[in-house]
Ligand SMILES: Cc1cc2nc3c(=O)[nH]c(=O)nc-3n(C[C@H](O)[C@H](O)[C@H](O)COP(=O)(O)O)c2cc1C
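Coming up is one lone chain in structure tokens, specifically the form predicted alone.
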Amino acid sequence: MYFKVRPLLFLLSAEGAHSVAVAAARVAQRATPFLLDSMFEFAHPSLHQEILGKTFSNPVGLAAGFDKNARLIPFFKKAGCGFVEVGSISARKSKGNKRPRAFRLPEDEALINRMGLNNAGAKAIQPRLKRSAGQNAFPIGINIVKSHDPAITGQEAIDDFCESFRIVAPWADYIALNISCPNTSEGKTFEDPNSLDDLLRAIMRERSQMTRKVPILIKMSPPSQSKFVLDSFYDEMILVSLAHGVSGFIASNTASDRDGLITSPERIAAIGKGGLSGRPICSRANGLVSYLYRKTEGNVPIIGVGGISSAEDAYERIKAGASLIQLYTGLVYQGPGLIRSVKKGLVRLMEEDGHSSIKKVVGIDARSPRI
């Protein structure tokens, strides 16, 4: 069905089409829950895992950015996701950047966005999270970020992060810290090891005062395609994160470069700045997952995201070391049916390779001497 309506959606701007899709999903999750079950239902015991103290019925989740304001959790549960990650959510609400701010690159099956972290703010979103919290076998991750105000820097930026954490963490099955988004006047992020150390010290202090110690995950940016080097930049972040007791990593965020695109340079120049997602970042996100898995010796879970648009992509990411995977740009080009397709394909690929559980597949390529 999606492929019949996609040409109409693609007549709209990328953001306009997303708004229409969100509106349709909100109607569907209220009016046709049983129809959604029949359309998207697929479950298999080999996909079950226990991670971060929660049961994941399958490893296929929704990436942050699609459901910024936590309005579509019931829809993606019915659509067959094993979990969702909402946000990014900031302490202060934000309208984001001026439009246009999202662009499709069909030749590359990619998106470029400079949305500007538009969201309703932690206090406004919190009641929706509270209603959805505690669902059995359907974990909800919450992605938080510094408010979109370039003037917020230094200790004020840390305090801003902590404010969001205090508001939403009680309702999260995990918190993802979006440290790789440059929304300060100097364009810096919390990926600087010293800044990350300061942030994690403050976040862990906040967490220590909670009754339930919610898992903390760090979302990293991908390596540059032209400089596919995983070196001390990542090593220091890993060491700092683990020293503070971080529970895992998410790899990766969008890319700021434009390497490896088929789309014409003129079109790219006309679009301007923004984060690149989709197929062009698939291989480097995969490489970062493998690197993280080896560096952590497989002792913490990794969520793989970036350019996954098929069961084969998901299987490769899991073999590289991802316990879970997330979809976003693939949903734009293929629709929600991709969720079921990936799950069915994972079961088929595991059976072909003689594996009875997804847990046995995680990291098998990263452990191989040839990687």
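The shown structure was predicted, so the numbers you read here are calculated from the model rather than taken from an experiment. Note that residue numbering begins at 1 and tracks the sequence as displayed.
Keep in mind that the form predicted together with this ligand is missing from the display, and what follows is about it.
> Within 4.5 angstroms, counting heavy atoms, which one of the listed stretches 340-348, 322-330, 23-31, 47-55 is next to this ligand in the model of the complex?
Careful reading of the contacts points to 322-330.
> To verify the annotation, which of these, Ser94, Ser221, Asn178, Asn286, has a non-hydrogen atom within 4.5 Å of this ligand in the model of the complex?
So the residue touching this ligand in the model of the complex, by this definition, is Asn178.
> Since exactly one of Asn143, Ser164, Ser290, Ser241 fits, which has a heavy atom within 4.5 Å of this ligand in the model of the complex?
Of the candidates Asn143, Ser164, Ser290, Ser241, Asn143 is the one lying within 4.5 Å of this ligand in the model of the complex.
> Although this ligand is absent from this view, report whether Ala63 comes within 4.5 Å of it in the model of the complex, heavy atoms only.
So Ala63 counts as contacting this ligand.
> Classify Val305 as contacting or not contacting this ligand in the model of the complex by the rule of any non-hydrogen atom within 4.5 angstroms, answering yes or no.
Close contact exists here: in the model of the complex, Val305 approaches this ligand to within 4.5 Å, heavy atoms only.
> In the model of the complex, does Ser90 come within 4.5 Å of this ligand, counting heavy atoms only?
No, Ser90 stays farther than 4.5 Å from this ligand in the model of the complex.
> Answer yes if any heavy atom of Thr254 is within 4.5 Å of a heavy atom of this ligand in the model of the complex; otherwise answer no.
Residue-level check for Thr254: yes, a contact with this ligand.
> At 4.5 Å, heavy atom to heavy atom, what parts of 268-292 sit next to this ligand in the model of the complex? List them in sequence order, or say none.
Contacting residues: Ser277, Gly278, Ile281.
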